[in-house]
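Here you get one chain, nothing else, as structure tokens; it is the form predicted alone.
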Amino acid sequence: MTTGEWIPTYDDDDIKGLAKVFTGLSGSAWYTDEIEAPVQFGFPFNAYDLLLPMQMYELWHEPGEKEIIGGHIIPAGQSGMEDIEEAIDVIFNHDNVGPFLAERLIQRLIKSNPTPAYIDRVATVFNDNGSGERGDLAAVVKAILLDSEAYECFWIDNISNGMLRSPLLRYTQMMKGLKAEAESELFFNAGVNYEIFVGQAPLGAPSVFNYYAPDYVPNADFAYENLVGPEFQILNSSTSSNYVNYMFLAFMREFLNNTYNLQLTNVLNGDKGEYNLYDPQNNDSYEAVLSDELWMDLGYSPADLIDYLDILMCNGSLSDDTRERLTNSVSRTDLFTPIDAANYAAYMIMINPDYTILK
């Protein structure tokens, strides 16, 4: 009989068994060529080159029998990598993997509260992509993005729809949307200062359980509606106001992570709009260009600017009231130069709920 209660899939003994499976893994190379000693097991993680796969050190691997999820027994005497391959095969083929991955991927790509039917449809594609293949992630992502629950307008105003963009996604969307490029083709921003402001940095989750729990319920109306809001776990009075301040400094004070300047130049008078990012320490400059083609068919007017930023950053969901207010504001030549007006428009959209909440 279905009771709606959680059914445990694994217990502490399963976790202990899997922990034994992965014993013996460590870094495969030092982080610098200056270390002449052979690479060794068990050094602090930052001693290794983290861009290379780990390697198995058999001397440090538990050679005995291991019992893992579902009562599966991994026999004694196998090599460390044989143990790992067998364990991964067992996990990969577990019935819960499809629904689990489906829900987590939908939460990251589309919405925080997918319906059970949506999860089931995506999990079905994970189990079989239509050609008998299990685990085809390209097919899974396609199923997520093209599902009716993802694109039908019916869901726009549904109370369960949408998600808070995490700080990192807001930031990368800004840089990708405005086509940030480095002349050196090397990354220029590790996100350290941004993390201080907003509590999230690339590859810097405080634990293996990510930056926030997938079932986190904000202390608000979410609880009454039986909804979750994972990204809200790192949103508080400090990180929310800091995000606004960071964007203000980035757009209105030409500031980006201490040594980098950010400027959206004149797009209102017909000139090409661009960011200019310059690091005085290594003489490398960075640009994010709003292409000439973009402005060819535009009248270089405030309304056109807001329309474009709406499509670029908000997927065309900017409210009529916000659109009108921003258009009127950037039209104030007595308050703004064209450059400042363009920066102000981008800043106000970056902190607007129509951008920070994805629907």
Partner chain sequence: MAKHKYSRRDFLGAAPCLALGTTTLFSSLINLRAMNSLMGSTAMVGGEYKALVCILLSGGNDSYNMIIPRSDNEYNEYAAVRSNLAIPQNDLLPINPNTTDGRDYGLHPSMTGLQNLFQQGNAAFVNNVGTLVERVTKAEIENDTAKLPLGLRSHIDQAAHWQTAFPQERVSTGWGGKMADILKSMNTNDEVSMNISLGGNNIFQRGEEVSEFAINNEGGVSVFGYGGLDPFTSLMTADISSMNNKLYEDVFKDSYKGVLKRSIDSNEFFNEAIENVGNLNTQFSGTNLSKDLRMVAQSIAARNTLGAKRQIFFVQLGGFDTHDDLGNQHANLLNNLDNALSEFYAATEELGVSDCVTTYTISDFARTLTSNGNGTDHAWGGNTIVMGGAVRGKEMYGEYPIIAANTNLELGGGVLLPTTSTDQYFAEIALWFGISPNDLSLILPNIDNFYNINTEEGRLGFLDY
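Residue numbers count along the first chain shown, from 1. Model, not experiment: these values are computed from the prediction.
The same protein also has a form predicted in complex with its partner chain, omitted here; what follows describes it.
Residue in contact with its partner chain in the predicted complex (any heavy atom within 4.5 Å), chosen from Thr115, Thr172, Asn96, Ser241: Ser241. Proximity to its partner chain in the predicted complex, taken as a non-hydrogen atom within 4.5 angstroms, holds for one residue of Leu178, Leu249, Ala139, Leu101, which is Leu249. Three-residue candidate spot Phe209, Ser319 and Arg325; every residue lies within 4.5 angstroms of its partner chain in the predicted complex by at least one non-hydrogen atom. The stretch from 116 to 124, 154 to 162, 70 to 78, 129 to 137 that comes within 4.5 Å of its partner chain in the predicted complex, counting heavy atoms only, is 154 to 162.
Although the partner is absent from this view, Leu235 contacts its partner chain in the predicted complex, with a non-hydrogen atom inside 4.5 angstroms. Its partner chain in the predicted complex comes within 4.5 Å of a heavy atom belonging to Val228. Remark: Ile88 does not count among the residues lining its partner chain in the predicted complex, judged by a heavy atom distance of 4.5 Å or less.
In the predicted complex, Leu25 stays away from its partner chain, with no heavy atom inside 4.5 Å. Although its partner chain is not shown here, in the predicted complex the stretch 320 to 345 places heavy atoms of Asp321, Thr322, Arg325, Leu326, Ser329, Arg332, Leu335, Phe336, Tyr344 within 4.5 Å of it, in sequence order.
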